[in-house]
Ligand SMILES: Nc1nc2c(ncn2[C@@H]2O[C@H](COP(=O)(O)OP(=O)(O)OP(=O)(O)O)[C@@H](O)[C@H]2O)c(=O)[nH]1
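One chain is shown next in structure tokens, namely the form predicted on its own.
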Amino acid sequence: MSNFRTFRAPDTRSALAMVKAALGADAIILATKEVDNGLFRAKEIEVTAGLPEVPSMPRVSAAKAYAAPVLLPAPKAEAPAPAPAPRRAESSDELQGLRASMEEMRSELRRMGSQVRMERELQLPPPAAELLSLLINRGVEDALAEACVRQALEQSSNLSRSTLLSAVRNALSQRVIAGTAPWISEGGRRRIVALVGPTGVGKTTSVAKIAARALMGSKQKVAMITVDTYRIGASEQLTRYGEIMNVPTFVARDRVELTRAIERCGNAELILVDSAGRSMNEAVARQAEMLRSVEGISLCLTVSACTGPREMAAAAERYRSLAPEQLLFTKVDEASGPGSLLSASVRIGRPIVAVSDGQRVPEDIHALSGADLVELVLGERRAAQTAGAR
């Protein structure tokens, strides 16, 4: 190994950039560790790297630094070599830390490669290419991400990353609209809200969360109805929630039963309707016809944030014919890139009233501001700590 060097930087990305600048793309990453600089200085990442000494030997680039090692045949020996002394096993925490560090470096190298391609193919300045890569990695559709970055470039004469990031935030805020949460009282006026959306996104649990929040927060009188008679156990699940919260709960199989159930809700200020998931356009249309037969009902399209951008766009197109008044996104805590919510937002064009990020009832549902929704897309979410009181 020649030109053996050690680099220190505040983070992995900066350390890799230093390695690449000093040694080139063929550098081999030999070791990486976190360095504790004491009480008054921030921790650093230390990377040890070098270049292969013999060109004919197999070389591993920085992008493949942590691939499986090449095993060379052992030299022949007349007598078997003595068994090596057993090494002390590393602790599970150390191994997990090493794996996490390796995966972080692989991810960073992939991101850097993607950014270089964007700079070349889309002819973007480096800060713009970096932000485009960030948006796509966060789950935003390629076309939407590029549109936001192009808009930011048009609106900003300064090409610094901070200036462009501010302009990208502005572009996102124009596409993501925050709305009033279903559990917030509207002056005693009765509201009927039906949650519609694909199968398995968590509509039933979301209905229970909204009901509990309305009961505990604004002390409203709440009733629940399920029209999901297709999924086994759906009505039983909502009924159990109703029993726990002491909330009247009804099952309706058709338009007539739905009308009667609403009449039986008495003086409830908030009536929440749980619907069955649908994947076929004809089934979606039939369900919409039944729900829209209720005067004053509003539909809340409920979609999982784990849904990929293409699938999210397809779901939004499928349910756009229902003309939902609201959007709710579930499973935010399970989504590696919740930026796909932008696909539904731009196609439906209606406000996002809440996001759900867990199974707890009612803690894990939040009404977010427009700024918080933008940060959720960008991956700098602050809302989890502050939105619960809204």
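The structure displayed is predicted, hence computed values, not measured ones. We number the residues from 1 along the sequence you see.
Beyond what is shown, the protein has a form predicted together with the ligand; the following relates to that form.
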Inset, instruction - Answer with one of G358, G337, P351, G50: the residue that has a non-hydrogen atom within 4.5 Å of the ligand in the model of the complex. - result: G358
Legend entry - Partner-contacting position among T180, N158, T199, N246 - heavy atom within 4.5 Å of the ligand in the model of the complex: T199
Inset, instruction - Mark D228 yes when one of its heavy atoms lies within 4.5 Å of a heavy atom of the ligand in the model of the complex, and no otherwise. - result: yes
Inset, instruction - Using a 4.5 Å heavy atom cut-off, state whether T239 contacts the ligand in the model of the complex. - result: no
Inset, instruction - Please run the contact check for T204 against the ligand in the model of the complex: heavy atoms, 4.5 angstroms, yes or no? - result: yes
Legend entry - 4.5 angstroms heavy atom contact with the ligand in the model of the complex for T330: yes
Inset, instruction - Determine which one of 130-138, 168-176, 284-292, 205-213 lies within 4.5 Å of the ligand in the model of the complex, judging by heavy atom distances; exactly one does. - result: 205-213
